[in-house]
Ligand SMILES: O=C(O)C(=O)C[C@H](O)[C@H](O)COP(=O)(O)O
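Before any questions on binding or motion, here is one chain by itself as structure tokens, the form predicted on its own.
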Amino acid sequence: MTDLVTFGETMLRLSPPQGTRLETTAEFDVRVGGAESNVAVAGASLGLDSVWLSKLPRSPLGRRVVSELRAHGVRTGVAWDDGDDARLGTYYLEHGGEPRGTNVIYDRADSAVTTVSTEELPLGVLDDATAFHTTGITPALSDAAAETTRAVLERASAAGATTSFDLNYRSKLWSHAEARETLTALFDHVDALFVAKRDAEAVLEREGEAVEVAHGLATDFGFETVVITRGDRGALALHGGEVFEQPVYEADTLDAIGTGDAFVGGFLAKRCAGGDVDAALEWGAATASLKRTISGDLAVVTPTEVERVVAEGEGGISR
């Protein structure tokens, strides 16, 4: 039986050395990263049988993605694009401290995944899956990707998997209004919603304290679980009428990219293993803190490390 299936785009990340500008660098550090595959890797690292579904160009770059994910224990279900112009999305990440900040430049237009269809994907893996996860990034890529996201969510839900969705808004892909119209239409097939407080406000137009927002979303869309992340204020979850709060675990930040995906991966790993929501919040927060100490997008961690962070940190609050 498969524990976790994810679906979405994965790209190559190209970064100049720390302190070097993109326009002056002579070399790049090359990594693999994508929200849904990041979650799959975190889950696999924590003991889940994880599968990632997507579409890639049949090229050395596409094979690089598959070999990287498989190296971390993720099974891949890939539709291969044989076209001469098939391409893999890339993004350039320039790390910078204050006041410059970190800059991200995407080069992902017309990547292979923008033409993905359900007929190309091995969706039979959903028939015995415990959980299915995707994000709001994938529907933003193209009409085809949005339709396929809807169809896969519907198929996973019908098969009995617990479906989770991270809103994961990207302003460089679409507007708040476009995201709101497309994503809320998917919510009928979502059991658990993950959303940053800022995105709940800007995209879903939900004002108020996190607990009010969680209750409103659960009532309006019928979510079984709503998890709201609040940056350094930690996370809040609403499940079964009960509210749970979880502070962040302090970490020395080497690379913050992928921290949110690590949180989701840790949360889902605990839930798939039968853990309660409060324990899942602890695992999510601990996995996120560990990820911040690791270069690249991927949370390559162990259950022992997560358990140690939870044991040494402050527990959550149930009320």
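Numbers for residues come from their place in the sequence shown, where the first is 1. Predicted model, so just to flag it, every value in this text is computed and none were measured.
Just so it is clear, the following notes concern the form predicted together with the ligand, a form of the same protein that is not shown.
> Just one of Phe244, Tyr91, Phe187, Trp174 has a heavy atom within 4.5 Å of the ligand in the model of the complex. Which one?
None of the other options qualify; the answer is Tyr91.
> Going by heavy atom distances of 4.5 angstroms or less, which of Arg170, Arg155, His239, Arg206 would be at the interface with the ligand in the model of the complex?
It is Arg170 that has a heavy atom within 4.5 Å of the partner.
> At 4.5 Å between heavy atoms, is Pro57 in contact with the ligand in the model of the complex?
It does not: once the ligand is placed as it appears in the model of the complex, Pro57 has no heavy atom within 4.5 Å of it.
> Does at least one non-hydrogen atom of Gly258 fall within 4.5 angstroms of the ligand in the model of the complex?
Yes, Gly258 lies within 4.5 Å of the ligand in the model of the complex.
> May I ask you to check whether Tyr106 falls inside a 4.5 Å heavy atom distance of the ligand in the model of the complex?
Contact with the ligand, yes.
> Considering only heavy atoms, tell me if Asn38 and the ligand come within 4.5 Å of each other in the model of the complex.
Within the cut-off, so yes.
> Any idea which of 62 to 70, 43 to 51, 281 to 289, 259 to 267 reaches within 4.5 Å of the ligand in the model of the complex, heavy atoms considered?
That would be 259 to 267.
> Going through 7 to 46 from first to last, which residues have a non-hydrogen atom within 4.5 Å of the ligand in the model of the complex?
Those in contact are Met11, Gly33, Gly34, Ala35, Asn38.
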